[in-house]
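Before any questions on binding or motion, here is one chain by itself as structure tokens, the form predicted on its own.
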């Protein structure tokens, strides 16, 4: 791992850690260089289960909401601007009298963030390195108007939240998949990567379903799904799909798998979802999925299922139905 901006400015003395108190890490991921930090004094605020678990395995105290008060807060910017602003506001509120350090790539909007911070706070220093920048300043109430409004209803009545997938409305690909599903899906069904629960809500319209396993790695999205799915048949799991073990063999898996954690598409994510579906399904089980048109999932589907067909889509995405998983072992 290359030396990070954080390590660089701590090593050269331009930034100092507080001598005591807890240091909050907002949005830290498993890929961030945190080697210069005292693990036993840090608390990571991370809602994405894979990063949460990876950092917990390294000894960090990981939570999904800030506790505070903190002696210092470090914010790693996400890609969504409003989400990053909300993180800065939350960090300021939780760090009275302490220092706020904000770090991000140019592609994640660190330049406009730096300009905005300069108009609101006394920026004490900054560093440029590896296609990104970092800056630090005393925590200030001047960022209070950036506080997240929290979850809200979209025009269709579903509850969503800033930063979750398709926060502003129903994803067209998910809507197309929901419309393509057959009238009967069996009694035991799972929605892999359920997000805020649109596909699950459509699935639960079928009275024959006995249980729907709602699996989602984003804690915020899953909280929205809980609110959108007030149905006792829905069972919720904050989990990374590839590592999740179903409590029962499933009749059907439905999914619109993620295809990136950065700005670059990563087909391996969807391929891992397909493999997880093959493991969880009954020998006669069915997989229904939607994917962006350019993603190469056909080979993986053919390797793991005895019968695969493309059942719809358009120039943007494609719909698949796969049957007879060839590797049903759990």
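Numbering follows the first chain given and starts at 1. A quick note: this is a predicted structure, and the numbers were derived from the prediction, not measured.
Although it is not shown, the form predicted together with a small molecule is what the next lines describe.
None of 132, 151, 109, 258 but one reaches within 4.5 angstroms of the small molecule in the predicted bound form through a heavy atom, and that residue is 258. A single residue from the set 239, 93, 114, 180 has any heavy atom within 4.5 angstroms of the small molecule in the predicted bound form; that residue is 239.
Within this chain, residue 228 is remote from the site of the small molecule in the predicted bound form, having no heavy atom within 4.5 Å. The closest non-hydrogen atom of residue 103 lies beyond 4.5 Å of the small molecule in the predicted bound form. Residue contact with the small molecule in the predicted bound form: residue 48 places a heavy atom within 4.5 Å of it.
The small molecule is not drawn, but in the predicted bound form it has no heavy atom within 4.5 Å of residue 212.
Heavy atoms within 4.5 Å of the small molecule in the predicted bound form are found in exactly one of 152-160, 165-173, 79-87, 116-124, that being 165-173.
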